[in-house]
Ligand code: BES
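Given next, in structure tokens, is a single chain: the form predicted alone.
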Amino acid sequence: MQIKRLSNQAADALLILLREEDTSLSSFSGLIDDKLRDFIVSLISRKDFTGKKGSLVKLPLFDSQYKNLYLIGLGKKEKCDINLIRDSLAWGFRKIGRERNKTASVILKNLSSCKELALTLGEAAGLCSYVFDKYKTKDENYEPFALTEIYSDSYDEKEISTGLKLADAQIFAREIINEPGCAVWPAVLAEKAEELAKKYNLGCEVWDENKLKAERMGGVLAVGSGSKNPPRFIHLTYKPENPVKKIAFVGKGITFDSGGLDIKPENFMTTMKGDKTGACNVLGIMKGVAELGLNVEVHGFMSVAENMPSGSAYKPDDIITARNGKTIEINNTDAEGRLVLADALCMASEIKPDAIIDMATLTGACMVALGKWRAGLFVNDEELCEKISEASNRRGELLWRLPIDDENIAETLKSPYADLINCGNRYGGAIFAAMFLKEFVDKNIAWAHLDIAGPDTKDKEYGVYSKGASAFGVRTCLDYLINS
């Protein structure tokens, strides 16, 4: 998608976002001709368009430099924020592109009091057209997304470029997450990491099952033991010349999760190709960091396995040993994500970063608690909490902080036979999982855990999200790095 400065170009479509209070359009003078402005004002005065949130009017235009007019309502001025603008722009661009408009002008002058308009425009333009349809047969009537060029009065080349790069990183992750288990297994995900490293000159180390055994990666090995596709551990490194900070990202990469011997019911097993989201998000973050050229040293750690039932699978009652020497009694093979993350968090701690951020589709309990539009945030450091929360608010990826110091739940982590047990009872499951992970993080390192199980997958299109994988968290983490 190309975004250019609005001047006096003709375009197939004109998109304007209006709040309920935007009635006179006096600020649009010089951006559209008086005849068109008067026409839009008459639509408003006749209540044909009210600016109500979520409303859309499309009209063909004649004797104008634009063929079609699209008006989208943003609702009340006091409730209109940058996240609503981003979603509305993406919705508008998506509709324009699907209705065969190749070029579009968008006027945002009435919203100029909002910060980051140009960056948000770049995000919306970059994210609007994504769909995962590579396996669908295209017939002779198939029409690809048409919109390729956008002109805007809110133009800042650097900010727009940043927005497009944020979007591109998220789409890169989405594309891999959406792939089924028959197309992406641990070795394939490792190959994708190697390709990314080669393209962007990143450091890359991949450990196979033999190296995992030599390096005492007991969690990853146990989870991957039931599959014919052996596990992998991936470490990517981006290191500029004089970095101001060192940040580590850790991702859970279960390329398919059957539940293992504690097998999932049928209706819970569908969509488990998405259990690799955390690792794919880390790949997207590493791509974004490299393209943005940030002055931060960034490490991406991904523990990757396929959790399958077989004669060689790990079993309930097994006791395994994580990299830091802590022993874990297995009482549920479907609580596997925390086991692969345990080893990766140990590895991240060993490089002594300023902060560790892990992401995982970890618990259904978090989804029950917070719903499907908000992720759980668990954090041991107030400054890190504040910075991540600010980044998530700017990027519209909503988080809610949950406790990580519950003494009663801490008691349920104890095993009579090992240092820890890997799964508690049904109550406080997301907190139990986060407190389990905490056992593998150096207590002197700022650490945040994002349980993204809820917003990981979208059932339908909405705003910047298409149906399928959302790669929730990629833009938030990149924003955090930009503003570190």
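Numbering starts at 1 and runs along the sequence shown. The model shown is predicted, which means the values in this text are computed figures rather than measured ones.
Below, we refer to the form predicted in complex with this ligand, which is not included among the displayed structures.
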In this chain shown alone, the residue from Asp358, Glu397, Glu336, Asp343 with a heavy atom within 4.5 Å of this ligand in the predicted complex is Glu336
Counting any non-hydrogen atom inside 4.5 Å, which residue from Thr363, Ser392, Thr120, Ser152 sits next to this ligand in the predicted complex?
Thr363
Based on heavy atom distances of 4.5 Å or less, which listed stretch (287 to 295, 251 to 259, 212 to 220, 180 to 188) is in contact with this ligand in the predicted complex?
251 to 259
Does Cys423 reach this ligand in the predicted complex if we count a contact as any heavy atom within 4.5 Å?
yes
Just checking whether Ala448 would be counted as a contact of this ligand in the predicted complex - the rule being heavy atoms within 4.5 angstroms.
no
Is the gap between Asn332 and this ligand in the predicted complex 4.5 Å or less for some heavy atom pair?
yes
Does any part of Met308 reach within 4.5 Å of this ligand in the predicted complex? Heavy atoms only, please.
no
Looking at this ligand in the predicted complex, is some heavy atom of each of Ile176, Lys192 and Ala471 within 4.5 Å of it?
no
Heavy atom within 4.5 Å of this ligand in the predicted complex: which residues of 307 to 326 meet that condition, in order?
none
